[in-house]
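Here you get one chain, nothing else, as structure tokens; it is the form predicted on its own.
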Amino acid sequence: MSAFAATFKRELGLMWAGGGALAPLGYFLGATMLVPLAMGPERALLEAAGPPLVWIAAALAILATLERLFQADLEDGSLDQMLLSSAPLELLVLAKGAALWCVVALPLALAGAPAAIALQAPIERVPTIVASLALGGAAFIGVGLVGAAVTAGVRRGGVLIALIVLPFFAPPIIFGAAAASGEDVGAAISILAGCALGAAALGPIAAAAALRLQAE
């Protein structure tokens, strides 16, 4: 656990120092805040289109952060140190994912509140939207760890990551948008939580296996 904590603190510091949260947060807010200007003031239209747009913007914002997640470790030798560590590589990968969730996914979830209000969502639905985005961010990152690990040795692998992970982004987007729309909220949140737990449990294992192949 000390290795997990050390890796988490290191990644958290590197991501904050590099302004890791600003670009995805700016993209998310820009995409969601400009939609009402483009679609017009019709409330019914915004209420219908708002939840899916919020979720698509969140998914693409997180996707944009994945390309360099393991590439930098492979280039500067940090991956070799992770492999030589006495701690399981899966635990260290989980620490990187947890740091990414804190720096990127959590601010995006909180930013979902003003975005939902701008898209005419009822005020009472805003906490559900924030909670569902936090769960969805965990699911996106868990899956994204695998795509980032598989493409760590590929220069400009952003398109390849998208091809790998976007099909797995579909279930969280579907059930997250359903929860944000107020349709079967309890069931949608439960399935979304299952997606997040499954991705958080299986993602680091698959990503660690891919990183071991990268290092050979």
Partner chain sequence: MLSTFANPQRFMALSAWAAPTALALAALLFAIGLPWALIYSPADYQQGETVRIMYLHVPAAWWSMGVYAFMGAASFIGLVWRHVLADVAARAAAPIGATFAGLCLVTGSLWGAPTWGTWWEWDGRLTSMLALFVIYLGYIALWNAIDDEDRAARLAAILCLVGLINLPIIKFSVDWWSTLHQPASILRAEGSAIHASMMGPLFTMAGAFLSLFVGLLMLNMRSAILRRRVESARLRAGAT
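Positions refer to the first chain, counted from 1. For clarity, every value in this text was computed on a predicted model and none was experimentally measured.
Beyond what is shown, the protein has a form predicted in complex with the partner chain; the following relates to that form.
> Exactly one of A200, A193, A21, A206 has a non-hydrogen atom within 4.5 Å of the partner chain in the predicted complex; which residue is it?
In short, A206.
> May I ask you to choose, among I189, V150, L29, V35, the residue with a heavy atom within 4.5 Å of the partner chain in the predicted complex?
Checked against the cut-off, the match is V150.
> With a 4.5 Å heavy atom cut-off, would you call I173 a contact of the partner chain in the predicted complex?
Result no; I173 lies far from the partner chain in the predicted complex.
> Even though the partner isn't displayed, in the predicted complex is L160 close enough to the partner chain, meaning a heavy atom within 4.5 Å?
L160 belongs to the contact set for the partner chain.
> Is there a non-hydrogen atom of I164 within 4.5 angstroms of a non-hydrogen atom of the partner chain in the predicted complex?
Yes, I164 sits close enough to the partner chain in the predicted complex that at least one of its heavy atoms falls within 4.5 Å.
> Decide whether L100 counts as a contact residue for the partner chain in the predicted complex under a heavy atom distance cut-off of 4.5 Å.
Flag for L100 set to no.
> Which of these stretches, 152-160, 177-185, 43-51, 61-69, has heavy atoms within 4.5 Å of the partner chain in the predicted complex?
Selected range: 152-160.
> Even though the chain is shown alone, can you say which residues of 195-214 have a heavy atom within 4.5 Å of the partner chain in the predicted complex?
A206, A209, A210, L213, Q214 sit within 4.5 Å of the partner.
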